[in-house]
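Single chain ahead, by itself, as structure tokens, in the form predicted on its own.
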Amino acid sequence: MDGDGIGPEIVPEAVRVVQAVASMKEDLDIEWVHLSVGYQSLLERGETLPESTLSGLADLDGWILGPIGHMDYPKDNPRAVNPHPIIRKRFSLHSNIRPARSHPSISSIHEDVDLVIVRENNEGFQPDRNVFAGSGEFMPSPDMVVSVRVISRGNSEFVARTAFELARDRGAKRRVTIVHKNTVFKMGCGLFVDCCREVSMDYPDIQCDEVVVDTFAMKLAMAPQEFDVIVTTNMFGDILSDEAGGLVGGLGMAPGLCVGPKYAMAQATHGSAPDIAGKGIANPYAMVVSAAMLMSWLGQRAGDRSAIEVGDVISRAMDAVLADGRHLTPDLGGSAGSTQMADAVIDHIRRVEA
């Protein structure tokens, strides 16, 4: 699903990189299905999220979704909906995994950063996904708005388990930090923290600690190297993951993966960047690495070593291209376009990984 803005420029590059690696695996065959979504779908089909897309997703193993520019959709058209929260909720993609990693060759505020923020995806204050029908935000008078926050035991436990499994897989630090504000939201954040603590009992090999969100935001800005895996609620995670991306080179360096019990969706953290759309200069890093994360997740779920290796190969190749420095997009200080950067990744894979 190409999405909006720069999506049609970077999603095909991510697919092309995955295809290049998969073609080297004799026992790995990927069938690609293009599904309509976003503003182009509105122009062609009269709606931003056709039912045919939703039914098509149900038949697939994993998905790649480009950035969505829903702020530009017509406000008076009920068929011009924001697709990604609907997809996330319909398919129970409870956990949003957002890594932030610094690279020696890329200018960043901090060096030696390697952390992951695991954000609950389908509840919280976000009014487009915290109630069954209608909106979790309403205006009882012209001078007052009421926003409802939803925290459930089920989603809290799922996102906590995602975080602890990640900490176990990542190795070195083996640490999960629970970020919350139970000093104020005694019931909402209180339930979230209680669920995380209960899940932590199943992972005695993983260190678990807690930090109040405002203190964590300060510590993240000052010493991000201290952290490993962070688990938090929806809005806190949305804000903190952008902060983390800014510490390591910007949102072009911020991949993401939405996961649930059955499905996963690669979705970079950044937006649709309409200011550079159509210029061919968008940084494909976040989208390519998101696709690599998807392949790793699919491989782990299915016990498919070849799919896991696709993710590993792409990550190594992308690191090598960043280190080389000759094929970087303008946001990283280079002059290459999206296609040229993806070409460099594919060329490295064919030269080194074949």
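Quick caveat: nothing in here was measured; it's all calculated off a predicted structure. Note that residue numbering begins at 1 and tracks the sequence as displayed.
Absent from the display: the form predicted together with a small molecule. The rest refers to it.
All of P99, D114 and G171 with a heavy atom within 4.5 Å of the small molecule in the model of the complex: Answer is no for this spot.
N283: touches the small molecule in the model of the complex, heavy atom cutoff 4.5 angstroms: The answer is yes: N283 has a heavy atom within 4.5 Å of the small molecule.
The small molecule contact in the model of the complex: V199, any heavy atom under 4.5 Å: Answer no; every heavy atom of V199 is more than 4.5 Å from the small molecule in the model of the complex.
The small molecule contact in the model of the complex: P50, any heavy atom under 4.5 Å: Contact with the small molecule, no.
Contact of M318 with the small molecule in the model of the complex (heavy atom, 4.5 Å): The answer is no: M318 has no heavy atom within 4.5 Å of the small molecule.
Among 211-219, 114-122, 171-179, 244-252, the region lying within 4.5 Å of the small molecule in the model of the complex by heavy atom distance: Partner-contacting stretch among the options: 244-252.
Among the candidates S272, S108, N130, N234, the residue which, in the model of the complex, approaches the small molecule to within 4.5 Å (heavy atoms): Looking at S272, S108, N130, N234 one by one, just S272 meets the 4.5 Å heavy-atom criterion.
Position in contact with the small molecule when the complex is considered in the model of the complex, options A264, I276, I206, V193, heavy atoms within 4.5 Å: In short, I276.
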